[in-house]
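Encoded as structure tokens, the following chain is the form predicted alone, with no partner shown.
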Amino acid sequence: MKKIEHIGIAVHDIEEAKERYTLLFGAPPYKEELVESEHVVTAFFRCGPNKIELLAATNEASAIYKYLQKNREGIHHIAYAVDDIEIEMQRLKNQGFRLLNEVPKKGADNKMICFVHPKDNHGVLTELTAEIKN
């Protein structure tokens, strides 16, 4: 793993959250994206070299919707950048980690993603991300 790619924060109201984080960081999100396959809308902010991703559900099929039914708003996951997501997924499987998806899937911000079960990381949902190379 190369670095923390971003921290994902689950929110009920993306517009209200964007306003608050714009005030916090002194700048608006640099990118907003609808990820239809995940039923979420995202907004990305920069904080120095780091990124913060706000996530809000677009419908009840969203994992974010289900998460917010059981939990309050807040940190949802930590994402780590990897060079080769398939190699990293296999490495983690070999180490006994449970993956929440068996093959990488397209996520926000031009990334392929895979999630690692939070029970295997002391309650922290972990996301692997790799840049999509065209």
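Just count from 1 along the sequence shown to find any residue number. All figures in this text were calculated on a predicted structure; none of them were measured in a lab.
Keep in mind the form predicted together with a small molecule is missing from the figure; the text below concerns it.
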The small molecule in the predicted complex: contacted by all of 2, 92 and 112, heavy atom 4.5 Å: no
Close approach of residue 66 to the small molecule in the predicted complex, 4.5 Å, heavy atom: yes
Partner contact for residue 20 in the predicted complex: the small molecule, 4.5 angstroms, heavy atom: no
Residue 38, heavy atom within 4.5 angstroms of the small molecule in the predicted complex: yes
Residue 14, heavy atom within 4.5 angstroms of the small molecule in the predicted complex: no
